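Below you'll find only one chain, the form predicted alone, shown as C-alpha cells.
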C-alpha cells in the first residue's frame, strides 16, 4: 500500500470512529466528500451496517479558548443523538491557551463524524462536525467560511451562548447567513447583557430567536400555571397583590423573565423599581384592567438546591392573603401549595443543554411569547431603581 493510500485508510478509520482529522481549510468539502464516498462503498460500512449521511440543520457555534471548545464538542456529540446537523464550530483562540491551534492570522481546520446507531443495527446515521480555529483577528473571515461550508437547501442556526464573545462576530458575520438565532439568557449574569440580547433580537428580526434559558423555565412555568386550573381558576391571578420570585445569586435574569411572563400575560403596567437593602429588587405595577390597587413583585436572592435556571420559588398572594406557591425542595423536586389543599410534592422535568438545543431547533424555537417577555423584561430593567427596605 502506498503512503497516500495508507494515509487515506488511516483517516477513514479515524473518521469512522468520530476522531478529528486535520485538513486544509480549502480542502474541507473535498475531504468530506471522499470520506463519505468511501463510507458508503461496499465493505467499508460501520460494523457491516448501511451508512446514511444526514443533516437537517447547519449549526454554527462560536466558542472561545480550548476549554470552551471541548465543551462545545461534547455538546455537539449529544445534539447529534437528537437531530443530525452539520456543526460548524468557530473557535477564537485565547492567547493564554497553551498550544493554541493557530498562530498569526492563520486558521486550522478539523473534520469529524458523529455516529448514531439506529435500533436493530440495520443502519448507522452519520452527521459531521467542522472545527475552524484561529486567533481573534480571524473572526472577520468566519462569515465567508460559513457561507462556503453551509449545506445548500438546509437551514442555518447560530448557537450564541457565550455573552462575552465579540458581538460583531454575530451581527456582521453570522446573522446574515442565519435562519434562526439561539441564545442562552442563563449566561447573562449582568443587566447590560439583557440589553445586548434585546439588540441582537432586534437585529435578527424577523428571524426566530430561541432561548435555552426560557426553555429551561418551561417546567416551572407550566407547574405554576397549573395551580390555577379548575377548580381554582384564574381569579386569584387577577386579585394578585404580591409576587415573589426567589432565586440563587446569578439567577436574576431567569427570575426577571418569570416576572415578565406573568406581567405580560396579565397586562400589568410597570410603574417603578427599587433595590431592597437585602440585595433584592422590587417592581411596582398597575393593573392592566384599570382596577384599583397595584401589584408588588420581588426578586429575592436566596440559598437552596437549584438547577441551571437559578429559580428557587414562585409565590403569589391575592387580596385575601391566600398564597399560591411553587417551591423547589431539591434540584428535580418541588412542593406546590394551594389554600384549598395540603402541600404536594411533585417532580420537576429537567432537560440537558443538548436536549434544549434540539428543542430550540424544532417548533419550540419559534415561540413568539419569548420575544414579548424579553422586551417586557428590558422595560423593567430600564426603570431607574431607588433604595428601599428589605422584603422577606
Partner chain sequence: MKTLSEESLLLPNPLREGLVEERIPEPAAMVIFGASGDLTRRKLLPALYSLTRDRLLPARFAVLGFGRQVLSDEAFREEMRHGCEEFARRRPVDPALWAAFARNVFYQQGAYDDPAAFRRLKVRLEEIEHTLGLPGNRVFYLSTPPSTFAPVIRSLGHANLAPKPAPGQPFSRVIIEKPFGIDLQTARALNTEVHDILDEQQIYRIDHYLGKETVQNLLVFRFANGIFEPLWNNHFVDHVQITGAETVGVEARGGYFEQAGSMRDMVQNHLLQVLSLAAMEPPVAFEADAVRDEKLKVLKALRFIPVSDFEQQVVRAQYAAGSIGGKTVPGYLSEPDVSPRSTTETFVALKLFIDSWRWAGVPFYLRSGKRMPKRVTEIAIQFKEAPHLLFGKRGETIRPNVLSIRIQPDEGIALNFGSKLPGPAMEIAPVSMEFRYGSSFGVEPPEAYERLLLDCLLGDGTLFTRADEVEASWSWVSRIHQRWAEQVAAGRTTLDSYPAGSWGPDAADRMLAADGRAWRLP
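Positions refer to the first chain, counted from 1. Everything numeric in this text was worked out from a predicted model, so none of it was measured.
The same protein also exists as the form predicted together with the partner chain; that form is not shown, yet it is the one meant from here on.
Checking 111, 169, 83, 115 for any heavy atom within 4.5 Å of the partner chain in the predicted complex turns up a single hit: 83. Only one of 333, 40, 352, 337 lies close to the partner chain in the predicted complex, with a heavy atom inside 4.5 Å, and it is 333.
Of the stretches 161 to 169, 178 to 186, 138 to 146, 74 to 82, only 74 to 82 has residues with a heavy atom within 4.5 Å of the partner chain in the predicted complex. For the marked spot (218, 223 and 367), a heavy atom within 4.5 Å of the partner chain in the predicted complex is present in each of the three residues. Residue contact check for residue 342: one or more of its heavy atoms lie within 4.5 Å of the partner chain in the predicted complex.
Although the partner is absent here, residue 229 is a contact residue: one of its heavy atoms lies within 4.5 angstroms of the partner chain in the predicted complex. In the predicted complex, no heavy atom of residue 269 sits within 4.5 Å of the partner chain.
In the predicted complex, none of the heavy atoms of residue 257 sits within 4.5 Å of a heavy atom of the partner chain.
Along 241 to 269, a non-hydrogen atom within 4.5 Å of the partner chain in the predicted complex is carried by 261, 262, 265, 266, in order along the sequence.
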